[in-house]
Ligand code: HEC
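As a starting point, one isolated chain is supplied in structure tokens, in the form predicted on its own.
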Amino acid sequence: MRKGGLGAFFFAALALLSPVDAQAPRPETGVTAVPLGLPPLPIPPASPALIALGRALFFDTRLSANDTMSCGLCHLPEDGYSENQTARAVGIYGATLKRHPPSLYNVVYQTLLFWDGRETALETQIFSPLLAADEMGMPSAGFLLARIDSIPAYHEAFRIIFGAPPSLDRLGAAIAAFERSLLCGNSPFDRWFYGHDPRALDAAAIRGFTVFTGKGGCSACHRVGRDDALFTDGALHDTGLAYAERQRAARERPGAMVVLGGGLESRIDPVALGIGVRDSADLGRFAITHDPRDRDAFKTPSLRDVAELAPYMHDGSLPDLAAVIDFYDRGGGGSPTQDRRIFPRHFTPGEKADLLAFLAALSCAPR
């Protein structure tokens, strides 16, 4: 072990935290217990030292090309490790990105990452934002690693923990260890449903759970198990939202028309179909697989802490939960290819209010 030892590393790593993180709630780290309502961890938790290193890196703006961006500026602790101020994420030099930052709570359980599911491991997903020209802007992996190793506290920490300098796999392991420590459970719903406390949930929220699992059909994708609930199936679906947004854009650009066979769509702007469009339309999973069946498919987000995560959907286009309920009540975006489980529900005003009460009951317990 290098001079100064592990204790010195903790003080050095904590000193690297940005002001944004100074008042952030601390997740439980280095323990095997999980909050009520969550499944057992799929892998053992990392050491506190590795989690502390990952935490420091996550909030460090020096991992961006111009020292202004960090992972934690799009995934803010006080916003449920998402971002509440803008519909879509803002990257380096003020670039507006295509998507809303998803919450990182319970990401340890996810097998597909990003809205389009293009990554399958936390250790590798970080390099997409770090190296993207409009996100954190690092010009190359080598430049990124050299930057990290040039910072004395990191230089020492990597050698203490790994016995080696920063590398892509070690950097990925550190940030992934921190992200896996972000657990959200023990909500009022969990205490009522899994803890069998009849006082944990009020009557409106209980009625909302009945609508959620019954008439609303919400639990078909936001699943609730007998012993635990992640409130997601981890799969990708076409809700019709991307289609509806392209239709709106087409109405704002009259003139260019296209007629397609098969009775699917006619006399609309090609943008509404994503034809010949690269930058102005988000086609979801299709951009990864190039399979027409994946057009407009996005990953089902978890609903845990959902009341704190506005705005909603992959593009942040729905401002609040009432708008989300209205969207599904009217049958989604109306795409001819949208998931067949999405159709008009005809909720009453009382049912909508009960659904809101239930969703509010999924908020994480105070740490």
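Remember, it's a predicted structure, so these values are computed and weren't measured experimentally. Residue numbers here begin at 1 and follow the sequence given.
Keep in mind that the form predicted together with the ligand is missing from the display, and what follows is about it.
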Though the ligand is not shown, can you say which of Leu283, Leu122, Ala205, Ala250 has a heavy atom within 4.5 Å of it in the predicted complex? Leu122
Just to be sure I understand the contacts: of Ala89, Met138, Leu145, Ala173, which is the one whose heavy atoms reach within 4.5 angstroms of the ligand in the predicted complex? Ala89
According to a 4.5 angstroms non-hydrogen atom cut-off, is Pro166 in contact with the ligand in the predicted complex? no
May I ask you to check whether Gly195 falls inside a 4.5 Å heavy atom distance of the ligand in the predicted complex? no
At the 4.5 Å heavy atom threshold, is Pro101 in contact with the ligand in the predicted complex? yes
Does Gly80 make contact with the ligand in the predicted complex, using a 4.5 Å heavy atom cut-off? no
Does the trio Cys71, Leu97 and Ile342 actually contact the ligand in the predicted complex, every residue with a heavy atom within 4.5 Å? yes
Scan 281-312 and note down the residues that get a heavy atom within 4.5 Å of the ligand in the predicted complex; none is a fine answer too. Phe298, Lys299, Thr300, Pro301, Leu303, Val306, Leu309, Tyr312
